[in-house]
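We begin with a single chain expressed as structure tokens, specifically the form predicted on its own.
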């Protein structure tokens, strides 16, 4: 998909009644200024492909007012935002009231602009002191994560009623502890299983804790979930047994096992028992991050021959977002939040078409989709890719930090107005 899509060429479709169209971001990817987290440390070790420094990013920590105004100008009323743990707890057991006051000011400002927040507590990065304890592989990890969560909810819980405890635990596990290409750079299947158990304990206990604290505050509208990264694993040849086995195993090991463990607190192969976790229901909505399909002929990702791809080589497969939705809804039966969906399109030549095709597929399905968050609001620091991979509706000139709404951003604004029943 390399040709530019004219906004006037995009066919119309009926948006699901009541669907909320928002945008998403993560603290480390936009804020800049922090050098106390695991990803800044990874950068100093030379692992970012274009050499980008995450302590620059989009300078959002200083420019949050400007970004809130821009969001409001675009008609955006729903925003999934994250917190930087290393800012809030720069040393073990030492909390920064200044950082907490900053996040409180930002959320109050967003609300004053008519923007509702879905708050992510943990999105890939951790403070360096936590990493040095062994990170999420440490036996103390749940205790430390719950202490941080309690501090956040006690400080911000009166402002926010919707929460993501952990973003994409499976992507975190595979990249950090299997392939070793993310911090802390470990390559061990055993470490992946230990990490999955830790994630299950952290999420299930945080789920109960968040509900408990807000209930004591007098609120009964709390909603908590996980942003599950879900992709479609398709055998390269449906008549080749090896392809079928590999696709099934990757589906199980990458997503189905950890989703069941964190959602229900139940034993599941190969994760097994998670200490102190009782079977139950640990979600109020189904969070899905969907981007692509993997065509499988072995234990590695592949792309279907001749399929359209984005600028990172990921297949563009709109039908997959519905298949991913059914994969979880048919089992867990709760409202669906598409907590991330977007594409790397450095010239903004096909992003509007991508948004159109994925939303059209969702809205023509029978899935109970309550919210859709486009990834992402502005271009940002895209982990290993650094500043070279642009996913934003808003272009960022990293040298000047100037923001410019892209054509795809204008298209998305129009959709939001339609969803609200306003004139396009």
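Numbering follows the first chain given and starts at 1. None of these values were measured; they are calculated from a predicted model.
Not pictured, yet referred to below: the form predicted in complex with beta-D-glucopyranose.
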Exercise. Which one of these stretches, 146-154, 92-100, 286-294, 270-278, sits within 4.5 Å of beta-D-glucopyranose in the model of the complex when only heavy atoms are counted?
Worked result: 286-294
For this session: Check each of 251, 106, 311, 168 and return the one that places a heavy atom within 4.5 angstroms of beta-D-glucopyranose in the model of the complex.
Result: 168
Exercise. Can you check whether residue 351 is within 4.5 Å of beta-D-glucopyranose in the model of the complex, heavy atom basis?
Worked result: no
Problem set entry | 4.5 Å heavy atom contact, residue 391 and beta-D-glucopyranose in the model of the complex | yes
For this session: Could you confirm whether residue 373 comes within 4.5 Å of beta-D-glucopyranose in the model of the complex, counting heavy atoms only?
Result: no
Exercise. Is residue 340 close to beta-D-glucopyranose in the model of the complex, meaning a heavy atom pair under 4.5 Å apart or at it?
Worked result: yes
Problem set entry | Stretch 71-107: residues contacting beta-D-glucopyranose in the model of the complex, 4.5 Å heavy atom cut-off | none
